[in-house]
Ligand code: F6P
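Coming up is one lone chain in structure tokens, specifically the form predicted on its own.
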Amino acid sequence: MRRLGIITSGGDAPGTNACIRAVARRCFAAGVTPVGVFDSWDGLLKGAVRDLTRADVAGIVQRAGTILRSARSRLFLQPGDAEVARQALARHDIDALCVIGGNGSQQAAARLHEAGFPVVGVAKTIDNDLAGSELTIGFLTAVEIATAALDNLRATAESHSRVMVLEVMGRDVGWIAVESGIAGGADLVLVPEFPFTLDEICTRLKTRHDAHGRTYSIVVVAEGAMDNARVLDSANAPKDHLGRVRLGGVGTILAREIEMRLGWESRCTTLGYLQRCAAPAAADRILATHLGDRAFDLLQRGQTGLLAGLKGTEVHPVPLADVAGKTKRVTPEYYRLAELFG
């Protein structure tokens, strides 16, 4: 391996730069040229590719975002796209590729591997929904941000006897909501994996106030927890370039319904991109370094078509075929913790 491409794809996640740095520094030590692919797969097709220098990766371990920039590309949606990507990589004399990303990114990596190109993935997404890794880069920082928000909202909720709703990211899974809810002592945690109705929510809140004498409540809701077809005009809702409904606003709807049904003052705070743009926590910097280091080892040994994922406290290779198209959802047992200790 002479030239190793590094690409970041999908949503940004705290710790991504630490992973880029780890892979690049392993390249420098081994006499391999690290090649940065900028602006994700679309950048590859447009030729936004250049060799990385030591200066490029110096002092970035603590930086949020990705120095390679990112995007959600339509590449790999059509048959033959993997061959298009393979040819583009060959034009830039790239021998192998490290794909740092989440579900969509690793599906693309799997297709590229099937097309015969050496590729290894690294588990990166704040949603922590990637099969094959117990933790993903960015998740722990996102949970810290959400937990801090819950801690702060509790003060104003108690002072004004309000219901405070915190909306966090989570289109299809509720890992951020569940873990921050447990850590922040939320009274209700609402996630996509476990359906609920507005009547059920109001009944639970009323029981909590009447039976236990509470004057305030804290609710954390994942942005995809409520059925968009039921609470949003999904036909007219704005969509991204991949045709997905842009989420956000469920917390506001929920707070409004609680206030209308129960007559209690309710407010919503939406964290949005604050979960993505924070400087990575130490745990994410360390995880990113471990995963990037192992990804380079796999590529150097010619072990490709794999994801560098975390199992327990160790990094293990997982076949991309076992990762692509699969989602790691919140389990009933894990959700029970949020329900029990709310």
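Position 1 is the first residue in the sequence shown; the rest follow in order. All of these numbers come straight from a predicted model, not from anything done at the bench.
What follows is about the form predicted together with the ligand, which we do not show.
- Shown alone, this chain has one stretch from 43-51, 294-302, 26-34, 270-278 that lies within 4.5 Å of the ligand in the model of the complex by heavy atoms: 270-278.
- The contact residue chosen from M169, A146, V189, A108 relative to the ligand in the model of the complex is M169, the criterion being a non-hydrogen atom within 4.5 angstroms.
- Among R261, K206, H92, R72, the residue placing a heavy atom within 4.5 Å of the ligand in the model of the complex is R72.
- I126 belongs to the set of residues with a heavy atom inside 4.5 Å of the ligand in the model of the complex.
- Among heavy atoms of E223, some come within 4.5 Å of the ligand in the model of the complex.
- Of all the residues from 1-27, the single one having a non-hydrogen atom no more than 4.5 Å from the ligand in the model of the complex is G11.
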